[in-house]
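Encoded as structure tokens, the following chain is the form predicted alone, with no partner shown.
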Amino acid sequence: MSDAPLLELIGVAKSFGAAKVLSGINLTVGHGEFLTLLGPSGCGKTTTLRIIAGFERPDSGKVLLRGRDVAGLPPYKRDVHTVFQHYALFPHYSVFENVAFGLRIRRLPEAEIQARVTEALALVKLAGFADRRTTALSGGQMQRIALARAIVGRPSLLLLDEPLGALDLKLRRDMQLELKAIQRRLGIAFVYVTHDQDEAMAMSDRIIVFHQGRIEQTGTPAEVYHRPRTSFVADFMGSANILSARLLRSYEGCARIRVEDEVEFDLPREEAPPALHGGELCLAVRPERIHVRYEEELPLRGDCVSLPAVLTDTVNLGDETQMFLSLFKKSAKTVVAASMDARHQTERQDGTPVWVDIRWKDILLLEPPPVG
């Protein structure tokens, strides 16, 4: 396998009229990699995919496929296939003919078409469906046919634009596992577009988080979840409690911060905080990293900070309880804690005083979101 990336975007920008959709996108896709473009609606991820596919041309920048700039080539001249959310199957064709369509356009020998289609249908577990009409298929089966039609041409890169978006939750989760298994068996690079964080975490080798036409962060699922670089990524990947903070001073291995203009404490830091002295920053902590204790209980052992709060609401989610807490015993700032501890499933009256214990290692210091 070559060390050079299969695909590389360099400085890609795109506008539609006065609306700037992409601003200087730089990314790479490795051979056999499962890369996910993740972000909210309108962030530029689908436009990026369409530029890779050749359905849109960038205003500037390069699209290198195996080192060759293909930005000016039409889709059919690229070794790239696309699977769309709405499948785009031919209703008057059989399953076999839907999958074989691209091969017939290329005028491959009939024996090779038969062999390739049979192999592709077996790969997506639809070997006995060749003679059926697509109108008789379920949503999950149609998604598999669309995938078979894309992989039968044996592209080096497969693009998937929210292909599971029309499926129900259980089927979508089943298909996530199927897609990842197929990708591993084929060894084809996948570029997958979704706004679903759980989907991205479950399937990807790497995730690129988009926000307002820019790349906010690139990394493995573990990196973007546990070590987000910005408050947007921290909040978008799962959920996070974001508190305003100010850096009062820093010295070797430690930062003195003030949180919500209420409490000051020293926080050990191996890296320099993302702010100058007196500068604003954000403090983030995941709900599952918050330890809630009642006033009669002892604090956590070890290095942690304790913040006073009151309980405002609880939601029982089976084996997990979500707790909504107003920090500093006032209603201005609410944080959410997630606990599997049985003691939190016992009803407590709203307004109950509690303490929020957060271990130092679970506190993230991030740059504040840009104004405007």
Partner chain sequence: MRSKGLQAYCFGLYAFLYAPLAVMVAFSFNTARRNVAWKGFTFQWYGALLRDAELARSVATTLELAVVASLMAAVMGMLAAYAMTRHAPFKGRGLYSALLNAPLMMPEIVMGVGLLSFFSRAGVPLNFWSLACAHALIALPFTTASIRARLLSLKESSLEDAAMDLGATEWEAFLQITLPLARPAIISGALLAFTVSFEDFVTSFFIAGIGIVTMPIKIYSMMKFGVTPEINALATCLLAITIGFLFIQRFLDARSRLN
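Residue numbers count along the first chain shown, from 1. All of these numbers come straight from a predicted model, not from anything done at the bench.
There is another form of this protein, the form predicted in complex with its partner chain, and it is not shown here; the text below is about that form.
Contact with its partner chain in the predicted bound form, defined as a heavy atom within 4.5 Å, is made by none of Phe34, Gly44 and Arg57. Per the 4.5 Å heavy atom criterion, its partner chain in the predicted bound form is contacted by stretch 87-95, the sole one of 87-95, 118-126, 229-237, 180-188.
Interface residue remark: Arg249 is not counted as part of the site for its partner chain in the predicted bound form, having no heavy atom within 4.5 Å. Shown alone here, Phe265 lies farther than 4.5 Å from its partner chain in the predicted bound form, counting heavy atoms only.
Looking at Ile105, you'd find a heavy atom of it within 4.5 angstroms of its partner chain in the predicted bound form. A residue is said to contact a partner when one of its heavy atoms sits within 4.5 Å of a partner heavy atom; Tyr294 fails this definition for its partner chain in the predicted bound form, lying far away. The listed set Arg66, Lys329, Lys62, Arg50 contains one residue whose heavy atoms approach its partner chain in the predicted bound form to within 4.5 Å, identified as Arg50. Taking a 4.5 Å heavy atom cutoff to its partner chain in the predicted bound form, the contact residue among Arg206, His81, Arg172, His211 is His81.
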